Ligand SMILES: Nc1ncnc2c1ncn2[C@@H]1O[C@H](COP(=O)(O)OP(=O)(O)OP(=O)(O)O)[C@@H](O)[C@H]1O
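This document opens with one chain alone, in structure tokens, the form predicted alone.
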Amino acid sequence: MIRILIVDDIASTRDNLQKLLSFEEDIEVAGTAGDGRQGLEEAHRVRPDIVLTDVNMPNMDGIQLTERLAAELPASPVIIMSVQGERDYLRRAMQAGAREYLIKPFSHDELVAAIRRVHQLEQKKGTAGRTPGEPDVARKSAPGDVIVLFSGKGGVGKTLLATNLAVALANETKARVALADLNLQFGDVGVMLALDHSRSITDVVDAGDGLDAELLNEILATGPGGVRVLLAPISPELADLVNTEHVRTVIGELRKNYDYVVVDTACHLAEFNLEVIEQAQRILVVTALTIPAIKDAKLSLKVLESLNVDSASILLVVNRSDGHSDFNRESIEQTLRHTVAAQVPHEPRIVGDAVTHGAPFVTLHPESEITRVVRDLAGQIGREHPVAVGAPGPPGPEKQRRRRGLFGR
């Protein structure tokens, strides 16, 4: 039984929530309170499994209550409720320690799903220190390969390539493949694959030190071809909650359990992007046949060189390639001083169909030329099996100095 404490300064709201939850056999309301101060006292008295609280209340608001509960009753996680106009509270709420943020008006199903999700996460955290049963994801003896897709410019089709490459890798190599969306503010991997966004990388933040293979397996969505997907936060405000240590931890855990970890990144050189680049065995620099895109690809290659990334690990991919452009393969290679590993043809009808249906073109249009190129790229990566650099960990002094130099300009 999941015991709930409801904290809201409007009596009718408390009554309505009680009525909604009364239909659930596994949920009971253990108590109610009319403001944050009463809520804190009641929480100490009834020790609920979950505290469901509003934001704007007299005496002590929901954010302050959440902070106090996180410090005094960490075993009673908080779900915060707020109206649509208070969406700016979301980041503050999560930073205070809230596990979920429900925007009013929400449905009965949304409320119950959030309660069960938070309760399940707390149970998993509680068993993290004990010897768990065999998780659904079997651990591997050697860490998997990290494949990062990076571009200095948005709009070149990087996310589309990341999703299709991940599915193609799973189909071509029959290996375990994970796909991580590290475009934390505006990631579109979930949209491209039409995935349920109920779990995301913010659940990794909530898990803290309790993240293990079993919990991660529950956070990951399942995409086409059995690809497991770590989605970006559902709202841009939540991106600030994810730091470099979280990224290091989750990529390390993914490498333990999957043969390939495909990572879609944002176009800026944030600290967590540098972290995942330093863990990568393959870096795909994606560009297109435009002067700005080629210019940014050249800058990206220079940055990777400054990070002492082995040029042999970098694959240059030219997207939307056609015979009508002023650029050809030779001119691009001469300009960028790097061999083009793949030229992905410009097929707007096929790509548009895939995006509209939320499905990869490698499965919707298996006989197309664009699919053949992506499959060949996946096959190339699969055949090479580059040697893993070892389990991830904090960067050594050399990498720390290198990072400071990059951002110290």
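Please read these numbers as outputs of a predicted model, since none were measured by experiment. Residue positions are given as counts along the sequence shown, with the first one as 1.
One more form of this protein exists, namely the form predicted together with the named molecule; it is left out here, but the text below deals with it.
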Partner contact for residue 346 in the model of the complex: the named molecule, 4.5 angstroms, heavy atom:
yes
If you check in the model of the complex, is residue 320 within 4.5 Å of the named molecule, heavy atoms only?
yes
Can any non-hydrogen atom of residue 226 be found within 4.5 angstroms of the named molecule in the model of the complex?
no
Any non-hydrogen atom of residue 156 within 4.5 angstroms of the named molecule in the model of the complex
yes
In terms of non-hydrogen atoms within 4.5 angstroms, which of the given stretches 98 to 106, 185 to 193, 215 to 223, 249 to 257 touches the named molecule in the model of the complex?
185 to 193
Given the named molecule in the model of the complex, answer whether the residues 160, 267 and 351 all have a heavy atom inside 4.5 Å of it.
yes
Identify, from the list 52, 370, 69, 33, the residue with a heavy atom within 4.5 Å of the named molecule in the model of the complex.
370
